[in-house]
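Shown below, as structure tokens, is a lone chain in the form predicted alone; questions about how it binds or moves come after it.
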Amino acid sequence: MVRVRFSRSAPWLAPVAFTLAACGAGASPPPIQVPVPSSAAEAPTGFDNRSNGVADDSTHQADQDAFDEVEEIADGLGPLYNAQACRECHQTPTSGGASQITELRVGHLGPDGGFENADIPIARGTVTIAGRTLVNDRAICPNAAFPDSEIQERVPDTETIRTTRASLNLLGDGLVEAVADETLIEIARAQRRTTRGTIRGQALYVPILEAPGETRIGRFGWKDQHASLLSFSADAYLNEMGFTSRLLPDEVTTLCNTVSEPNNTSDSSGLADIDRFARFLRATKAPARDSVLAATPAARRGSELFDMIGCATCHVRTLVTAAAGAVLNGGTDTIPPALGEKTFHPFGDFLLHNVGTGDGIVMAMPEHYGPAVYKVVWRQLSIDSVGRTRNKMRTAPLWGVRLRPRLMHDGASLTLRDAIARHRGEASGVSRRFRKLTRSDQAAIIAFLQSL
């Protein structure tokens, strides 16, 4: 037994433990197992719209109402946007869940072969939107106030790298936010050691918008572009709905805009919508399993095989949050008792991997962190590391996967078997071992996945 221990500076963290017995050439990599401290409690699960304890139920319901609210132009919607409410993209089976909605991202390769952000002309070619990869599907103009304004984005022929990305599940993300950086870093190191570098998750430091100069290991979004739910909320509010905030006060375009900036200011309680969104997500329960199917012999056999062929090396079953009171997000937050030292089962490592399905897109820094991002010195931020994410995607957490009719980052896989078959790159050995299983054993793994 080899035991990997965390830094002494974080004594409340549990070690990652795993066995090397199966690490011979061609053998299955071992599952990454994070031991559960005896003092840790199971995080609550369910789709009942009740709080996990971060807020009382009435506050949680009010925050959900803000998350579900349909925004209008007079409120600050647009000028370019994809949706009128957070719920539009996050609602299966309840507010905060995933959906079939996808967004469009594009870019191109520069003369040196490196990825470059898209240049999208609008206003009959007189204005170019740059520094982004996201192409918004909707616009508020032309309208009565601006009958001759044309600002709809369309992809020009120059943008030859094109992909869609599916909307993510957000339920239980308060637990994900409360996982210590050291946990994710050590998981990445353990993957490299146990697979001799075949599987190599990338832990990426990203900016914390509410703490300028501070970074943290990213865990939210297909490219791990955010580590803070408040930063994530501000990003989505601007880029998906066109609402500016104190963290991202600049519109994508000022054309057709009649609402002063930032649109999203604090209300009488002192909270802006982005604060309510973040609190809502932190209070959501983790996705629940199908307990009936999970108890069947097929699903139980499939669970064993899932580990045996190496799926759990990246789709890590269990994680543990840091202790209550631990400081995170650059000192702007502390972990509340409801999220402190909780075990949860995301079946994901929240790291970036190349499994042969990368979309060729490098996240656009100004899009996610604002046009002033390069004027701030961010601790431990490496532009080279960001550049290496081009063909990598975050491991899709499998909790709640049974509720998704379209799979993988682009939603192009329509069955669980299709999704497994698409795994290449770092996951080539795992998908190869799946194909070598008997049809009965393959069906058992599918049954197990259908229980998640």
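One rule holds for the numbers: they count along the sequence shown, beginning at 1. Since the model is a prediction, treat every value here as computed from it, not as a measurement.
Below: the form predicted in complex with a small molecule, not depicted.
Shown without its partner, this chain lists L255, L328, I101, I217 as candidates; in the model of the complex, only I101 has a non-hydrogen atom within 4.5 angstroms of the small molecule. Residue A166 is the only one of I140, A323, I129, A166 with a heavy atom lying within 4.5 Å of the small molecule in the model of the complex. If you check the small molecule in the model of the complex, you find a heavy atom from every one of F67, H90 and L229 within 4.5 Å. Within this chain, L449 lines the site of the small molecule in the model of the complex, having a heavy atom no more than 4.5 Å away.
Of the heavy atoms in I32, none are within 4.5 Å of the small molecule in the model of the complex. Residue contact check for F306: one or more of its heavy atoms lie within 4.5 Å of the small molecule in the model of the complex. None of the heavy atoms of G340 is located within 4.5 Å of the small molecule in the model of the complex. Segments offered: 276-284, 372-380, 149-157, 328-336. Contacting the small molecule in the model of the complex at heavy atom distances within 4.5 Å is 276-284.
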